[in-house]
Ligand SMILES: Cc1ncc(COP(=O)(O)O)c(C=O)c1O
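Only one chain is included here, represented as structure tokens and corresponding to the form predicted on its own.
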Amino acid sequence: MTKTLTTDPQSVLAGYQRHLFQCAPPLYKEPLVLTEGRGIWVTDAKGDQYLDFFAGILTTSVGHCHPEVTQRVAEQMAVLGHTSTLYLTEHQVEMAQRLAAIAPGRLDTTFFTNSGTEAVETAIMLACQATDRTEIIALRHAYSGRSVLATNMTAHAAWRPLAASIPGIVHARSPYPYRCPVKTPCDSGCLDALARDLEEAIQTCTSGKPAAFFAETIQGVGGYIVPPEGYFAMAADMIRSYGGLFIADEVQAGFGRTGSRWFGIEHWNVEPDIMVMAKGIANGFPVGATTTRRDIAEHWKAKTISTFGGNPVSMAAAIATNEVMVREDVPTRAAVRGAQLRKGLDTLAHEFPWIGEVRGMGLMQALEIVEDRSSKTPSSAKAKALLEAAKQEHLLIGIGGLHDQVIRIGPSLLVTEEEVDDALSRLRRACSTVT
């Protein structure tokens, strides 16, 4: 790529500090000011290039400025840029049909919004109307968005504003094998204990009539926490036995990210009642989607509208992105490149004793950083040091976990074998500087 913009990074930083909310700080001690992106590469205001292995939090799913997506958006903007849900467009219907074609089981009816937060809000409101109930079971270590409802469903103190409080939301134990809440090491017997905890939460912290159980198929902000085999089958059966619905959050794990399947929940052969999506659905354009069965969708009787949800430009981006995903068979690509990435990360874990665990699925991989493996003490300092060191190697990665102790990795689903090898080499050099 060649640099075409002449942005002054210090001026941008000063403007951020003067005119923008400071509650959403950028990464790094010296924040990056990005000006361009092509494929898996981004360029900053100084003209330096970086290998992007976080993809805008797993959002540029087919790469920055993918030419087919860019062209489709430009063409649509020249024809019709906005309608609201008061009018119908062919693109909105087509994208809904595309989701129905790849969604698990009988999920075939969609409402489009602008973000994951709005998709979550839509799903919860729908579940409450469908069941005529109001209580929700969520999970500890969860992140659900930035609205009042979503922050109450979130179970990270740092992400919950002090004044936000909504009754009727309770949190069961997270199925977090590395930091198993039942015993160490975690084994198949822990599933029974998690089931008892979920049922106890229903029986003691709700009226016994919950509307829904809501969970990310892989907890994202929590640090790419992958549940043990059988967990979601148990949880879905449990909530349904009490008359509630199962809502699967695929905002980060969806669209082939976990490898070999279109959606994370499919790895466990469980069909949700409602599913929410966003991020990678439109390669960076603002699209959220709530998908369910027709019989559930019909319970929404009140009036509703989305001014920007399903707008023609975002739908054009989503369709173009989906076309690329289907043609390139991104679930298979993610499985192959994810296995390559995982092998390299496992090698690093053998070499560096402060990498407590490598976990994830497909191109959604994480390193849990600890002071030492025997104590498993979370090390935010080492994780942040690795984040900064990777930046010095011109590699962009993410961070998460309750204590900011987890390195999160999630590149474009079109990442090549050579790019994965390049990223692993850069990451190894970064690891060698961490003490």
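Residue numbers here begin at 1 and follow the sequence given. None of the values given here were measured: they were computed from a predicted structure.
Note that the form predicted together with the named molecule isn't included here; everything after this is about it.
- Of the stretches 248-256, 128-136, 306-314, 263-271, only 248-256 has residues with a heavy atom within 4.5 Å of the named molecule in the predicted bound form.
- Site residues Glu36, His66 and Asn283 are none of them in contact with the named molecule in the predicted bound form, judged by any heavy atom within 4.5 Å.
- For the residues Gly356, Gly116, Gly360, Pro210, the 4.5 Å heavy atom test against the named molecule in the predicted bound form is passed only by Gly116.
- Only one of Val120, Leu99, Met325, Ala172 lies close to the named molecule in the predicted bound form, with a heavy atom inside 4.5 Å, and it is Val120.
- In the predicted bound form, the named molecule lies within 4.5 Å of some heavy atom of Tyr143.
- Mapping the unseen interface onto this chain, Lys279 counts among the residues with a heavy atom inside 4.5 Å of the named molecule in the predicted bound form.
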